[in-house]
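Single chain ahead, written as structure tokens, the form predicted on its own.
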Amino acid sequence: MRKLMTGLARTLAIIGGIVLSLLILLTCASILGRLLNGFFHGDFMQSVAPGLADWAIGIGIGPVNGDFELVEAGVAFAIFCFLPLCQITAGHASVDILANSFSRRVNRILRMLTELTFAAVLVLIAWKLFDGMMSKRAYAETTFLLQFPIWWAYALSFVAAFAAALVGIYMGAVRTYECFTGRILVWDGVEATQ
């Protein structure tokens, strides 16, 4: 089960990284297009080379239409893609100033409670994304510029959030088992400091 969950988490993280990289390229292209568009519309180019300026404007040099809509949807998806890997590797931020003074047993109880809370929150997020997706689909809402259905973004985020919830439930079960048996099933390096 660990290999399956780790494979799922890593695959989603790779997909999220690819999407994030493409969004960075899209943003750079849009910014460059916006700068060039302003340059070709400017007084200097209109007076020095009006034919070139008009040609460049005519072929569509400018910002990417709807770039912020794509970035908004893509970043939400990417964030949910990174959550499973963060969950399975215990990569969330933590403050261990007080916890370092506790015994291993108390720390295992705290880790179990933390993982169960994370699992519950991830299930809640996935559930509400599903509700939102169904609502956006029922009302056929679209984005302002690109006019793509908003529920598509919700659906992609829901798939990644559902995977995060599965990994969260798995980690909650693992930490519960570890708490009650004392055996470490998923080694993440935290146990070495205790």
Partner chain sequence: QEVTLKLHQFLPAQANVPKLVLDVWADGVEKDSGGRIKVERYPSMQLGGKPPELMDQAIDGVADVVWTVVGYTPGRFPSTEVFELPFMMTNARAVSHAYWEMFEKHMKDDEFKDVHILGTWVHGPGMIHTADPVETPADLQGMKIRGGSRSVNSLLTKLGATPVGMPVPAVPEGLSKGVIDGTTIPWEVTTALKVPELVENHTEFEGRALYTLTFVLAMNKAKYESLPDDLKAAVDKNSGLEFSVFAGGTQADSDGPARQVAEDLGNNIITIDAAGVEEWRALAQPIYDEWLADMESKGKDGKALLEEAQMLIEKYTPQYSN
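Given the structure is predicted, the values throughout are model-derived calculations rather than measurements. Positions refer to the first chain, counted from 1.
This protein has a second form, the form predicted in complex with its partner chain, left out of what is shown; the following refers to that one.
K.L.:
Report whether the minimum heavy atom distance between Tyr139 and its partner chain in the predicted bound form is within 4.5 Å.
P.N.:
Output for Tyr139 is yes: heavy atoms within 4.5 Å of its partner chain.
K.L.:
Quick one: does Phe144 come within 4.5 Å of its partner chain in the predicted bound form, counting heavy atoms only?
P.N.:
Contact with its partner chain, yes.
K.L.:
Heavy atoms within 4.5 Å of its partner chain in the predicted bound form is the criterion; list the residues of 103 to 125 that meet it.
P.N.:
Heavy-atom contacts to its partner chain in the predicted bound form: nothing from 103 to 125.
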